[in-house]
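In structure tokens, the next block holds one chain alone, the form predicted on its own.
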């Protein structure tokens, strides 16, 4: 099982959008679980899953409730969700009181290692124990970047955060919410992948088709498969898949 953490220290950069679309793309070939670690539960909402974890996330992390009982199926083949709810606001405190606090997400995922090929972690912004857990568990850390000085700073912060952890997960960054009418955005598309080895040349444009996700409550490629943004997320998944070396497991007959 391969684990991909979608993470940024900055909010509003298209993190949840990336997590949902990567999960959908991966589900074309793999059995996928998306774990919504953000208390806002945006990924849970977009995939039309009820935002309720019985006993709260504390019971799940403590092992009082089995993770299988909290997982919900979606209308998309091979794609399940471990939903986020309001109890995730206290997740840092839950981790802080647990033994080996940076390994709790990994411990939960061990329960479903035989059930899924790929796990996508939609992480809340910031650098805290939730992020530390996600990075510890991850085979790759995907970072969306809006072409702005603050977002560029967030890439440095994520890279440093991963480097200072025990994780050896590579960082895979991409440009998100790009408006080519803006000079700064055009320059970032042209120069940033050349200047930063961790930044791919995948570009997700700012488009109304992505904004429609909130109304459609579905991944973009499920309703607009030919638009540039959908194709970009498909390409991004190919890069991530190659990075984590995910392979379809043979099914037992």
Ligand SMILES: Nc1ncnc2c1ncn2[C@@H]1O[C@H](COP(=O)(O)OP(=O)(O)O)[C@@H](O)[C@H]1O
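Computed from a predicted model, the values in this text were never measured in an experiment. Positions refer to the first chain, counted from 1.
Missing here is the form predicted in complex with the named molecule; even so, the following discussion is about that form.
Using a 4.5 angstroms limit between non-hydrogen atoms, residue 65 is distant from the named molecule in the predicted complex. None of the heavy atoms of residue 189 is located within 4.5 Å of the named molecule in the predicted complex.
Proximity of residue 59 to the named molecule in the predicted complex falls outside the 4.5 Å heavy atom cutoff.
In the predicted complex, the named molecule sits beyond 4.5 Å of every heavy atom of residue 193. Note that among 202-210, 65-73, 26-34, 50-58, the stretch whose heavy atoms approach the named molecule to within 4.5 Å in the predicted complex is 202-210. Every residue in the set 12, 16 and 177 has a non-hydrogen atom no more than 4.5 Å from the named molecule in the predicted complex.
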